[in-house]
Each structure stands twice: as structure tokens, then as C-alpha cells.
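This document starts with one chain, in the form predicted on its own, laid out as C-alpha cells.
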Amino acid sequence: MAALQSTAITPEEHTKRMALQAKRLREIVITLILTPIALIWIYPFLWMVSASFKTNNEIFRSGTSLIPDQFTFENFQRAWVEANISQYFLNTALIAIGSVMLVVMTTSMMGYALGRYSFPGKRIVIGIFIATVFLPKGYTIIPIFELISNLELDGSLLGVILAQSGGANVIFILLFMGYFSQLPKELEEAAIVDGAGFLRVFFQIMLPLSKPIIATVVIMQFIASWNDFLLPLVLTLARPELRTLSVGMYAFRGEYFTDWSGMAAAATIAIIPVILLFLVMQRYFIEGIAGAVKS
């Protein structure tokens, strides 16, 4: 009798078990719904990687199959050497790194000023920044090209870097502004008491604290710069050797023939740095997005 009483389930335990079973059932249903959606979502990426190991004939013969009949690495060699992807890869890396450094520096300083200080017309400045979100990017290509040409930087990597970094970057500014506005004022006051000036407070105290936002900006700007097509195309028309990966992909498309396997190999090479960067910085990226949503 004593044993039966000890194994009896109390109403509270019964309620907890029912809630746990309902939670597990909900997770199973969500998993069953999201799994096919996820497979459909990543299928184009998987097909691209698979096509990079096939011949052009096999791509059309095998259709949607993901498993090559015979793996070949000749596509990667042809893309890297003959199609000059190695030079385009270096150009893209230099442009992406340069634009990321400029964008992080400019947006963090603007976000710091807007998030930590009050001044007349602050709301108007923020409103003007937000209004630029609705400006189509294609409309700005002509003034950007004229500005870069007047600086005599067209046909140079520096011109492309400045063109990609010169946007309003409103989202990045708002991310920094929201983050800096939440930091306690005692940090600045203690640094000022110790003799730190404005720049030292910003670079040595405030900026290192914003690692999640920096990681978010680095990832988003790197992807935008790495995949940008229009600006590098316009600014490197006179110098094909300065093309980026996205522009260089057109080398695989001829008037009568398109090298689909070579293009797939080049696209696979191009996407590797983006995936590696995201894997390395994903923890900070998630923290930055979560903090932005919370703020």
C-alpha cells in the first residue's frame, strides 16, 4: 500500500506531463512541416554544387539528380585558371574587405553620435536616413558613377570600394544607434574622469562593447559587397582585369554556348568565403540580431 502511494501521480505532475507531451507533439508537427520546406529551400544550392562535379552533357541528361555519375574536378581547374576566376576572386576579396572596414567605421561613428548625444534636429536627421531606405538602388548608379569619375577613380578597385561603401546604410546605423543608446552612461563618465577624450572613449571603451553589432554589419556588408553586380560592372567596363566574381561569371556565357558546369564550379568557389564567414561569426550575428529586435 505504501509502495502504491509513493508511485501515485499528483495532479501537478499530471499537468506537467501533459504539457510536456503537448510540447513534444507540437515540435514533431513543426518539424514535419518545416523539413520539406527546408529541403526545397536548399535544393538549388545543392544542385549547383552537384552540377560543378558534372560535365555539361550530364547536367542536361541527369536533370534534377544530385548525384553525379562520375565526379570530375576539371570544372574547378578550368574556372580557376582559364576563366580567370583566381584574379576575380582576389579583386572581390579586396573590395569586400575594404568596403566592410569603411562601412563599420562610418556607421558605428554615426550610430554612436545618434545613440549617445542629443542635438537639435536629431529626429529630422534620423528621418532623412530612414527615407533613403525607399530609394531604389538603380536610380543612384548614375550620380555614383559621375562622382567616382570626377574623383578619377573609375576603373580602379578603390573606386569600387568607395562606391559600395558610400550608401546610407541606414539599417547598420540604426543597429549601432539602438545598441549604444542602451549602454550605461557610467562607462563614459568613468573614462572621462580617467582623462580619456572623445575618440579614446569611442575606440577603446564603446566600440569594443558592440561586437555583436559589428559582427552583424560585417556579415551583411560582406555578403552585399561580395554579391554586388551592378556597381562593379559599370565601374570596371574599361578594365576587365578588375572584374569581380559576380561580373566574371558572364565569361562562361557565350553567344552560342554556355558553360554551365564551369559556371557552377565558379559559383561554388565564390560561395565558400561567405559560408565560412557566417560559420565563424554566427554566434555574434545571432546576438546582434536578438539585441536589435529587443531594442
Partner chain sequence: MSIPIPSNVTSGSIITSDINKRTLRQRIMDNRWIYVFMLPSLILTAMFTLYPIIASAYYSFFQWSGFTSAPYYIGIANYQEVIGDAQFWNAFKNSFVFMLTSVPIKLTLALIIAIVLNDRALRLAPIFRTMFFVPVVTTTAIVGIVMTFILSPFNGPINLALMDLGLVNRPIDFLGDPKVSLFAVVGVEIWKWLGNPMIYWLAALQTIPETLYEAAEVDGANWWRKFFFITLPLIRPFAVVILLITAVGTLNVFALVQTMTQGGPFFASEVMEVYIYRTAFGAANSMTLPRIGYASAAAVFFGLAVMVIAILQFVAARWANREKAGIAAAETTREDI
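The term rigid core refers to the maximal set of C-alpha atoms that superpose within 1.5 Å between the two forms. Residue numbers count along the first chain shown, from 1. Computed from a prediction, not measured in an experiment: that's the story for all the values here.
From this point on, the text means the form predicted in complex with its partner chain, which you will not see here.
Enquirer: So which of 151, 90, 209, 101 gets a non-hydrogen atom within 4.5 Å of its partner chain in the predicted bound form?
Expert: By the 4.5 Å heavy-atom cutoff, the listed residue in contact is 151.
Enquirer: Answer with yes or no whether residue 146 is in contact with its partner chain in the predicted bound form, where contact means some heavy atom within 4.5 Å.
Expert: Residue 146: yes, in contact with its partner chain in the predicted bound form.
Enquirer: Are any of the heavy atoms in residue 50 no more than 4.5 Å from a heavy atom of its partner chain in the predicted bound form?
Expert: No, residue 50 sits far enough from its partner chain in the predicted bound form that none of its heavy atoms falls within 4.5 Å.
Enquirer: May I ask you to state whether residue 123 is within 4.5 Å of its partner chain in the predicted bound form, using heavy atom distances?
Expert: Contact with its partner chain, no.
Enquirer: Answer with yes or no whether residue 281 is in contact with its partner chain in the predicted bound form, where contact means some heavy atom within 4.5 Å.
Expert: No.
Enquirer: Any residue of 134-163 with a heavy atom within 4.5 Å of its partner chain in the predicted bound form counts; write them all down in order.
Expert: Residues within 4.5 Å: 134, 135, 136, 137, 138, 139, 140, 141, 142, 143, 144, 145, 146, 147, 148, 151, 162, 163.
Enquirer: When you overlay the rigid core, is the Cα of residue 241 off by 2 Å or more between this form and the one not shown?
Expert: No; that C-alpha moves by less than 2 Å between this form and the one not shown.
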